[in-house]
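Same chain, two forms, each on its own as structure tokens: structure 1, then structure 2.
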Structure 1
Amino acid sequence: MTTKSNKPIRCVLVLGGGIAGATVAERLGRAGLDVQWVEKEPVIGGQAAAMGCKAADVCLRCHVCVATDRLKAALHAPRVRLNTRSKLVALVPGNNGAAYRVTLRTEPNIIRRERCIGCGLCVAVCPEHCISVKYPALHGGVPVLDLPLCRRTRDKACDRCAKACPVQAIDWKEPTQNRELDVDAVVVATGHEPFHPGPMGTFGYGVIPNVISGLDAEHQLAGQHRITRLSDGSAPRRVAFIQCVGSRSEHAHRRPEDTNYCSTVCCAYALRMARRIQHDAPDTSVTVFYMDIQNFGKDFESFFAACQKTMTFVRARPVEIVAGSEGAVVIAYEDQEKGAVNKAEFDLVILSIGIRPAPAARALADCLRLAVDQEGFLGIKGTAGLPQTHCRNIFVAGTCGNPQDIAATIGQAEAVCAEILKQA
């Protein structure tokens, strides 16, 4: 268990701008604690902000709308200072009774959000198209700059955006800053990385146009409120979902223990997406290739029974996916009952990708002296409900600790808040 300090917790460092970090920052800020909220990207949102609502005739409890509300609330919470384009670079024992002294490094945002009026002129004139508006539901029309794509970061002269800005909100002289802060607790909520199916060549991702990932489908729902084929933008009439892509597989990575866990969220989002697709176009046929269906959420049995009435479930892992004619996708799979290989043709194939540890998790664990489990997630899992760090006043929340959905992430973040407030 985390060892308690004698000094009350008054200032908390929250690492991560996703739904877990937002929940912790908002709850602790409103409880009267000072919160330093750190996000490496230029805006908050994490994975949840890029997801789309899957409601059909009724709400399917994907909790995307709840995540958006939590993120908005955190942006306006009292006593919360948001540090974007920032990361933790050092942690040492604190001064004057504080548990830790931390060093934050903040890279220049270039576009000063407090001045920007969201006119969009810089977006229009950028020759590299590296200025865009991300998550307008959260941040309005204020754009962000993708620095690696900018001409100036490649030693080329360009100031079109600065000349176009009517309020001088673009500051190319903004320096990198290092700040030292004394904090009483640290919450690690740095999220996860969605599995990239490219290495699994048999699935055709990135090669066959109408093979997309579950994350691609989420982005389509968020941006255009429907799922379409990449080849021609049409609505598919024959859709296949392939489950456990990047989960429960020993072949895509070096160590079996890196891939043999269940990501827990894939069955839920796949079946909710399938229901949404059939709600938008009732004549759409849906086939789900699966190993097992993970029980998720309240009323799972009735929800799954309803899916079985309108969808085909095939208990098999496809052995090959190839391009067919006119943009079709052909899946070859083993018919276990007949002991033969069958083939089926689809208009769109969606790969239900799993949750992987974030690439920077190991370095962060070393900085904070945190344990990492055999899959690469932070903290030691026990019976207490929260990952145990065995470090004084350092807590782990969300998918950096283990795969979980939005509802579970919010619940775990609130449990961390309860632990912290016991010492406040």
Structure 2
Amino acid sequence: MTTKSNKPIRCVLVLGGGIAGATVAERLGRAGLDVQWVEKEPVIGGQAAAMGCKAADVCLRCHVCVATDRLKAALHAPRVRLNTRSKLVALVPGNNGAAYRVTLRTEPNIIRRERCIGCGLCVAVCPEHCISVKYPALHGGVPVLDLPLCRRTRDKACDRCAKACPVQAIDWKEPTQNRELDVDAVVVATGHEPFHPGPMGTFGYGVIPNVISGLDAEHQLAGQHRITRLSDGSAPRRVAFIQCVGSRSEHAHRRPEDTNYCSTVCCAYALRMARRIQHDAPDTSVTVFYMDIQNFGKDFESFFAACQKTMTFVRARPVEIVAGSEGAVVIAYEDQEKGAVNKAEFDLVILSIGIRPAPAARALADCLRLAVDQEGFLGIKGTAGLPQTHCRNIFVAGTCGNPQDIAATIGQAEAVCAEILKQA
């Protein structure tokens, strides 16, 4: 896969429109490199754009605002060309001194971002509600079109949105394109997939309405700035967090969907979220079922001490979760100190789900001839700061390489920039 030339890096392909990709794209664009930025969805944002601020009386350092800021900055950075609804389909050694020749496949976006003024008229007229605004904090009112829902894909004539648009930003003629590009370096920042507690009903998820995942809670926080019960929309008075759901599973009771590594982010977001819940409603009781509380942030010690004053920490793995009366959830767990099985009732149970490699990562790894570790994360983790790829000028950044929080992801992305700028 390697080519001999030591041509300076001028053009970089960045795969992934999350925090890592945005940081790399923005920094390299500002440094004067040409960046081709690829995102498979119609808008950038990744996982972090859908998360909520967890500040209580003071900022709790969840870094979601920093992630939003980085994403926004990348959208306005010079020399960054964003390709949405695009995918890398092939990578071969390049010509004319470029390291690689890549083929990008771009599905039609229909709504042309550069023309759209975000007036919202198309959203209002669409009979199928297939046009909506996603991540307005990042993109303003620029909407996206969910093509499978659109009448036109079902061979019906409908151009209400195009007629309503005052600036001709809706272009139905845009074809699916395959483009070939010469690039000097590739940055893989395709992110992760949150662990899905799943159809098997892990801890009653998907079966008992008031058992939600940490990600669901994040989305609630982002959308309505508070956490409520799904069953009746009320504010919970007794909240339980169950840590390590899908993470750190012992071999003996490991199911195929479980992982046996620490996802590193769940203790942090769970405790921050718990603090936020207690800040909004100080009389809410919080119980955390845990194995080990992982430390995070600079001020962990005093933060954790404060948490221990207002929350109950139970070192136990719940054995059973059943629905109680009036939307309550009953957790049975082994009380280690008493050596007996205890039962406790809660209004809301939040499962602290971890990070899993994205299922598409393996296909991408095949395309790029990247090494994949046993868990499906990209690159080889050794004594170097960045996951190693063994392919010249192909770099891995962010959670596609290994689970890490927003701050570490930004750090890693900036480290990738340094590796590239060294050769620029």
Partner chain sequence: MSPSVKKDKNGVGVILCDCAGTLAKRLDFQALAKAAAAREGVAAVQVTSRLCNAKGCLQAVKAVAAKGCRRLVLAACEREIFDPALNPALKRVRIGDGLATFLNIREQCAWVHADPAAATRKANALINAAVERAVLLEPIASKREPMNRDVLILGGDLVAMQTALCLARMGHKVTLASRRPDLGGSAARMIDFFGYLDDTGLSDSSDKSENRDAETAQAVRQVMAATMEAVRHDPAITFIGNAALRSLSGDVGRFVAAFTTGEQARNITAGAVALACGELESFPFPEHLTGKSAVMNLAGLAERLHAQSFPKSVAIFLDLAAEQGRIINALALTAAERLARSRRCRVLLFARHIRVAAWGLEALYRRAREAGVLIMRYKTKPKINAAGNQVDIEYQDIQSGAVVTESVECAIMADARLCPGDGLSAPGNLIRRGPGGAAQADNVWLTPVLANRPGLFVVGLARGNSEFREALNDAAATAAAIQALLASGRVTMPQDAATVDPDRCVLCLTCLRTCPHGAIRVDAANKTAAVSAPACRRCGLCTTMCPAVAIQMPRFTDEQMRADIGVEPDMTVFACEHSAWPAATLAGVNRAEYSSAVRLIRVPCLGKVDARQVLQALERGAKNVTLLGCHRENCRYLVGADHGAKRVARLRAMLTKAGIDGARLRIGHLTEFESGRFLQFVKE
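Every residue number counts along structure 1's sequence, beginning with 1. Just so you know, these numbers come straight off a predicted model, no measurement behind them. We call the rigid core whatever largest set of C-alpha positions still superposes within 1.5 Å between the two forms.
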> Quick one, which of these two is the form predicted alone?
Replying inline: 1
> After a core superposition, would you say D232 shifts its C-alpha by at least 2 Å between structure 1 and structure 2?
Replying inline: no
> Taking the rigid core as reference, does D280 move its C-alpha 2 Å or further between structure 1 and structure 2?
Replying inline: no
> Which angle, in degrees, describes the smaller rigid part turning against the larger between structure 1 and structure 2?
Replying inline: 13
> What is the magnitude, in angstrom, of the C-alpha shift at L121 between structure 1 and structure 2 when the rigid core serves as the superposition reference?
Replying inline: 3.8
> Can you give the C-alpha shift of A164 between structure 1 and structure 2 in Å, rounded to one decimal, after superposing the rigid core?
Replying inline: 4.6
